[in-house]
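The chain below stands alone, shown as C-alpha cells; this is the form predicted alone.
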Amino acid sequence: MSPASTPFTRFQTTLTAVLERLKPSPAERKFLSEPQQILEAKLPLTRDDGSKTEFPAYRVQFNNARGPYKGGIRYHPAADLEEVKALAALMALKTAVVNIPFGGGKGGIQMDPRKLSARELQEVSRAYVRAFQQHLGSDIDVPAPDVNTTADVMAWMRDEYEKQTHTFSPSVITGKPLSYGGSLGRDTATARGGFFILQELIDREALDPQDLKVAIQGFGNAGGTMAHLLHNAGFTVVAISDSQGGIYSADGIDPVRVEKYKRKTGAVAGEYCEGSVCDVQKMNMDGVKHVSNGELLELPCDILIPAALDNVITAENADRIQARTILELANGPTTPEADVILEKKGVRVIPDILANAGGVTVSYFEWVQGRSGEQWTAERVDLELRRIMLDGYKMVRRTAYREKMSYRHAAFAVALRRIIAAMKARGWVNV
C-alpha cells in the first residue's frame, strides 16, 4: 500500500477499476468521481473553564442524483476532509445498491468528544447545525449518527435546526430517540441487515450454522449485536475483540458472558485480563487465548466479520487470512490491494456498501415515518429491512456471477448504474 494512501484514494482505486468496465461518458465519470459540494467551518466553543477553542467541521455532499444527501456525522480526531469525502462517496453508493431514494453525504467534527463535558458537547453539536443549516433539510441533506455520535446528539441537532428555521422538522435528522421521532429497530439495524445477508448466503449453499465458526473484530453496536444474533442462530463465535484486544476459543464464546464482563471491566477480555496482565491458568482452564486485533483477523474460522476500524485487511496480512467469507460491517476495512489477494485465494468478500447498509435503510424508514407522522412496529421495520437487504444482495450476486466480478466490484457496478440512470433522467448528462 502506498504511503500516500488515504480513505478517498482507496475509494478512487476501486471506483476507477469498475468505471473501466462500465465505460461511462467523461461527464458521467466526473460526476461520479468528485463531491458536488464540500462545506467547511470552524466551530467556536467556550469551554467550561472560560477558555476559547474551535474545531474543524465538514459536510461533504457527494451526489444527490437519486434523492437528498444522506449520511452520518462523526466526532473523531481523525475525521479530516479526506476521510469524510471517502465516507460520503461510499454513502452515495450504499444508498443506491439497496435502492433507497437518497444520495450520499457525510459529516465530521475533528475532535475527541471524550475530552468535552456534556454541556460542551451539546454546544458543539448545535454549532454544527448553525454552521451548515442552510445546506440541511428533509429534501436537501439528512444527517444521522456515526462514530461517537448518539441519539441524544441527533436530538440536539434537530432541536437546533427547528429553532433556526422556525419549523417542525421531524425528518431532517435520523437516528433520534424514540421519544423524539426515532424509529424502532435503528439500534440493531446495521447488524441485522448483515445477518440477513449471511443467512441467505448459507441457506443457498445448504450450510449448517452449527458447522460454521465466526470471528468478529469489534464489539461495539454492530459487532456486539452481530455476535448475539449469530450465537442465537447456532453459529459458533470463536473470537471477539474490542480496542484493547480480544479472546479466542475454538470451542466457542458466549457473547452474553463477554458483554457482562465488558460492562463490569470495560474490556472484552476483562474476565481474564487486567490491562496486559492475564490470568493464564484461568484462560487455560476455559480453553481461551488472549489475541490482538491483528491476530484475530488471521485465526482459523469460516466467516470473518470486521466490525470496527477501516484499513485493517491490507496487502501485508491478506494472504494469512483463513476465513472463506468476509462480511464487512465496518466501513472500508479492506484495501484494494488486499482485495486482489483475497480474490486470488477464492475468499468471498461481502463489501461494506452492501453488508452494513442496514443502518441507512432503517434511517430511511425513520425519514418516511417523520414525513408521514406514522410510527412503524418493530415487526414492520424488520420485515422491510429484510426485503430491501436481500433484494440488494441478490442483485449484487447476480451481477458478480454474470459479469465475472468480485462482490465489491459488482456492488459498485449496481450502484453506479443506478446513479448514472438518475443523472440521465434529470438531464445532468447526455442521454
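From 1 onward, residues are counted along the sequence shown. The shown structure was predicted, so the numbers you read here are calculated from the model rather than taken from an experiment.
The form predicted in complex with a small molecule exists for this protein as well; it is not shown, and the discussion that follows is about that form.
J.: Just checking whether Thr174 would be counted as a contact of the small molecule in the predicted complex - the rule being heavy atoms within 4.5 angstroms.
T.: Thr174: yes, in contact with the small molecule in the predicted complex.
J.: Evaluate Glu83 for contact with the small molecule in the predicted complex, applying a 4.5 angstroms cut-off between non-hydrogen atoms, and reply yes or no.
T.: Close contact is absent here: in the predicted complex, Glu83 is far from the small molecule, nothing within 4.5 Å, heavy atoms only.
J.: Does Val360 reach the small molecule in the predicted complex, with heavy atoms at most 4.5 Å apart?
T.: Yes - in the predicted complex, heavy atoms of Val360 and the small molecule come within 4.5 Å of each other.
J.: Is there a non-hydrogen atom of Pro351 within 4.5 angstroms of a non-hydrogen atom of the small molecule in the predicted complex?
T.: Heavy-atom contact with the small molecule at 4.5 Å: absent for Pro351.
J.: Specify the contacting stretch among 336 to 344, 267 to 275, 89 to 97, 292 to 300, defined as having any heavy atom within 4.5 Å of the small molecule in the predicted complex.
T.: Result for this chain: 89 to 97.
J.: Identify, from the list Gly108, Gly193, Gly71, Pro306, the residue with a heavy atom within 4.5 Å of the small molecule in the predicted complex.
T.: The residue in contact is Gly71.
J.: Given that the small molecule is left out here, which of Gly332, Pro145, Gly181, Gly224 has a heavy atom within 4.5 Å of it in the predicted complex?
T.: By the 4.5 Å heavy-atom cutoff, the listed residue in contact is Pro145.
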